[in-house]
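Single chain ahead, written as structure tokens, the form predicted on its own.
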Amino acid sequence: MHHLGLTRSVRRANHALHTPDAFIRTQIPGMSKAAAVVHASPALGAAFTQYTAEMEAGGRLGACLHQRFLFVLEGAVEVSVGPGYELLVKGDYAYLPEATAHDVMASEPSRLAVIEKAYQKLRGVTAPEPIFSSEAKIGGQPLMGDLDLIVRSLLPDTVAFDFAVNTMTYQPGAGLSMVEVHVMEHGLLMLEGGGIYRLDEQWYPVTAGDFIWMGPYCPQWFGAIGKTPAKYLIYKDWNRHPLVQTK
């Protein structure tokens, strides 16, 4: 149905909201039987790329020279590194270091959240190894002591990693204890529920399926609204000196 030019999607200098009504599918070289909804990229002003991969059974992502993080939203995929493979289902994830030869093939119709970023090396620090795990295996921690706001850190918090990916789950009515302003940028995919997000001086209703990009120093705050918990997957650059250029 045509909605006379209306959409919740917005693009501002320091943030963007990308909603499913405005999604356009595209092909990324190397993909087969798959399409990508690209949410964030250097063209937007981001120092990373994030997209949702929609894959048919037998579909493949193709190669990636940079770091790649995969989170299974629906379905099941086989991720091959060397002679073996790991089967990932909903809620499972993989981290693949830069220059890791691998193959990602859907065992059934699947959707993946995919994050890709050039690795920032540190002298004397060994690059990370591949990781295969599940959100369900990660213990949750209350944010600033708030038992209604639980964070699960999907990657180890060590200097070997130059970005972090977490899930954050809010009970109905829970919200961040402060408006945050910081040097890190974010890519955020709403997984469940909804609420209100403040970005710069604007306030946006958000719900499952929405994507938000927050640039460095974008004032940001979220509060959960509704009768069910709100949950999102969130990326941030991490563990590197702010003088190091990432773009």
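Quick caveat: nothing in here was measured; it's all calculated off a predicted structure. Quick note: we count residues from 1 along the sequence shown, nothing fancier.
There is also a form predicted together with a small molecule; it is not shown, and the following applies to it.
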>> So the small molecule isn't shown here. In the model of the complex, which residue out of Q67, T49, Q220, T52 has a non-hydrogen atom within 4.5 Å of it?
In response: Q220
> Ok, M168, A174, I115, V165: which has a heavy atom sitting within 4.5 Å of the small molecule in the model of the complex?
Replying inline: M168
>> So if I measure heavy atom distances to the small molecule in the model of the complex, which of the stretches 203 to 211, 55 to 63, 174 to 182, 31 to 39 falls within 4.5 Å?
In response: 174 to 182
> Is I234 close enough to touch the small molecule in the model of the complex, meaning at least one heavy atom pair within 4.5 Å?
Replying inline: yes
